[in-house]
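As a starting point, one isolated chain is supplied in structure tokens, in the form predicted on its own.
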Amino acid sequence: MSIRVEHLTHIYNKGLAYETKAVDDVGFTVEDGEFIGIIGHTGSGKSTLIQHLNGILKPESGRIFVGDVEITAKNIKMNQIRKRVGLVFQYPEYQLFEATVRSDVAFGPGNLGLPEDEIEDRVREALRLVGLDFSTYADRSPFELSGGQKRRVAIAGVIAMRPEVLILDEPTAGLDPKAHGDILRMVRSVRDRTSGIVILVSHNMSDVAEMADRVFVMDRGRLVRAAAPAEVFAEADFLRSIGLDVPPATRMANTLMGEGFAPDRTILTLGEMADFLAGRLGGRA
């Protein structure tokens, strides 16, 4: 399954003095199995864009296809689309409401009218994918868990719907470093064990550089770059001109270039930086 967006435009407060074009003539295609990272300054249109992909927002103009279904067409049953496209909002733990972890994760599958044994299987699978042991957490109150654990429960509720597209809007926002790492490992696990599309919106350049197959760069409502991480983060001056930066490892590599340590590729992660330095310094020994 693929996602195709054609000439998408969204306007807030149309016709008023403070009218804002939040998404401006955006188009792209995402193929099955791709991991897309979306970056952009605050107010660049990232969240507005992804909320169109499962019909939460309707565009001013343009079309969106999920597989062979045009979800922007009239008379489309969006509940069927939302089974296929799962969206995890920022701070999803604020949407927890059931008495136990089990019942919260089961809420979505239960609304599909599935038999109880299948719902149970989906709950177990979803909790396993987000790194929570079923026997330990299923009957606990989600409100007694840590912030990172609450977020994983909320994400499990979306995963239990078995969407073909999983969209995560700043899934590590506000978390401490350990919980941040736990959520990233969970996202990697979900990606490794499923074959669908994953779309990650993030302000963390390192996370996007390490995980994404392609990076979409948003600026003032427009999609201004769509390329592999190495290609996008090689344009440090351009990114800074629109209020973004490169990953710390890339920034270190750019500094070292002035010291005669020019790498032969764009370095994106600290692991790549360590390998480069070990090879270069070893060669000078």
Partner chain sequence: MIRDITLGQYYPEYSRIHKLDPRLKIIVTLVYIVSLFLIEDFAGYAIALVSMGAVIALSKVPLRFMLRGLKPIILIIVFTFTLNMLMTKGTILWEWGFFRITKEGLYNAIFMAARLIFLIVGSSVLTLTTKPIKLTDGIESLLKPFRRFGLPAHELAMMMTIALRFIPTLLEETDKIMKAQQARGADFETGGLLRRAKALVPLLVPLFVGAFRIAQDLAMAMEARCYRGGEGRTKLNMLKFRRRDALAIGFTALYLSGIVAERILL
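Positions refer to the first chain, counted from 1. In this text the structure is predicted, and so the values were computed from the model without any measurement.
Unshown form predicted together with its partner chain; subsequent notes refer to it.
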Quick check on residue 157: any heavy atom within 4.5 Å of its partner chain in the predicted complex? yes
For residue 191, is any heavy atom within 4.5 Å of its partner chain in the predicted complex, or not? no
Answer for residue 135 alone: is it within 4.5 Å of its partner chain in the predicted complex, judged on heavy atom distances? no
For residue 169, is any heavy atom within 4.5 Å of its partner chain in the predicted complex, or not? no
Taking 4.5 angstroms as the heavy atom distance cut-off, pick the stretch from 120 to 128, 93 to 101, 68 to 76, 193 to 201 that is near its partner chain in the predicted complex. 93 to 101
Option touching its partner chain, based on a heavy atom within 4.5 Å in the predicted complex, out of 215, 87, 183, 211: 87
Note: exactly one of 224, 230, 57, 236 sits with a heavy atom within 4.5 Å of its partner chain in the predicted complex, namely 57
